[in-house]
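Shown next as structure tokens: one chain only, the form predicted on its own.
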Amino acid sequence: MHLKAPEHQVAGHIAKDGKPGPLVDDKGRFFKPLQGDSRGEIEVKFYESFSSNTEIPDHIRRYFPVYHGTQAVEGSDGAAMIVLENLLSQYSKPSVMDVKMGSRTWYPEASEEYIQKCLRKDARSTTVSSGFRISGFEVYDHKELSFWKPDRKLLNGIKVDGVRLALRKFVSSNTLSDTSSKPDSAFASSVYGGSNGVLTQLLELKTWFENQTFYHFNSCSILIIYENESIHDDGARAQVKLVDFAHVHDGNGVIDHNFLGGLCSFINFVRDILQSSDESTDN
């Protein structure tokens, strides 16, 4: 089995200080290191619960990575890994964005130290004010013919206007590293709009979250992916996926208002970008 580091990771844990990072193989699988504390157990528990939950509709399952169990991986000191579907395996030039959802990223049972750490990080970003924050993104630059990724530390400090700018850059074709140029949002209608676009998928998720009480998705992310290789011919093949379930807890019959509120807010941002793009096209 040939394993390598993923090429287009925009957020999350990486190999560092002797700790293994995520890996991908050539069979469409993604290997995520099992975190040593309770977070690893919680994530496995969620995947096993979700996979076997017959009350999850099929049209909602498609928004979650396929779970293939856990496996000890050679070459990573025999570290236990969660084996998942590699969401990017069918993309040749993907643009990817990671959006951490909720105005509260800590969970009720967390230690006071952990809660304070989260509160400090949340307050520096749009987490508290907007109900989500952009953790990272990578875009294929059609002018430079290369991938462009903003510094994650700078992203953590952006406010509402910075979020709007990032969402425009994510669907733009002009040179992205040039801070003086205005993003053209050339692909907004292809990626965010249409019957299979990001906005439609987010609205479908919203309908489910308005009713589901199985899980509370603390500190979970929405991953947005689209293809640049064929965007002018076959469309963007935009996908919305939920990832990172190390802090998921039982819903106990209560709606997950924290995630739902962030999702509603994010939908409004995407809708605004789409509408302003359509208006500029009309003009």
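Small disclaimer: the values here were computed from a predicted structure and weren't measured. The first residue of the shown sequence is 1; numbering continues from there.
Although it is not shown, the form predicted in complex with another copy of the chain is what the next lines describe.
In the predicted complex, no residue of the candidate spot (57, 66 and 220) has a heavy atom lying within 4.5 Å of another copy of the chain. Contact annotation: residue 131 falls within 4.5 Å of another copy of the chain in the predicted complex, judged by heavy atom distances.
Residue contact check for residue 213: one or more of its heavy atoms lie within 4.5 Å of another copy of the chain in the predicted complex.
The shortest heavy atom separation between residue 36 and another copy of the chain in the predicted complex exceeds 4.5 Å. Contact check for residue 106: a non-hydrogen atom falls within 4.5 Å of another copy of the chain in the predicted complex. Interface residue among 199, 158, 119, 110, judged by heavy atoms within 4.5 Å of another copy of the chain in the predicted complex: 119. Residue in contact with another copy of the chain in the predicted complex (any heavy atom within 4.5 Å), chosen from 206, 168, 143, 149: 206. Stretch 159-167 is the contacting one of 159-167, 133-141, 187-195, 87-95, since its residues have non-hydrogen atoms within 4.5 Å of another copy of the chain in the predicted complex.
Residues of 240-267 placing a heavy atom within 4.5 Å of another copy of the chain in the predicted complex, in sequence order: 252, 253, 254, 255, 257, 260, 261, 262, 264, 265.
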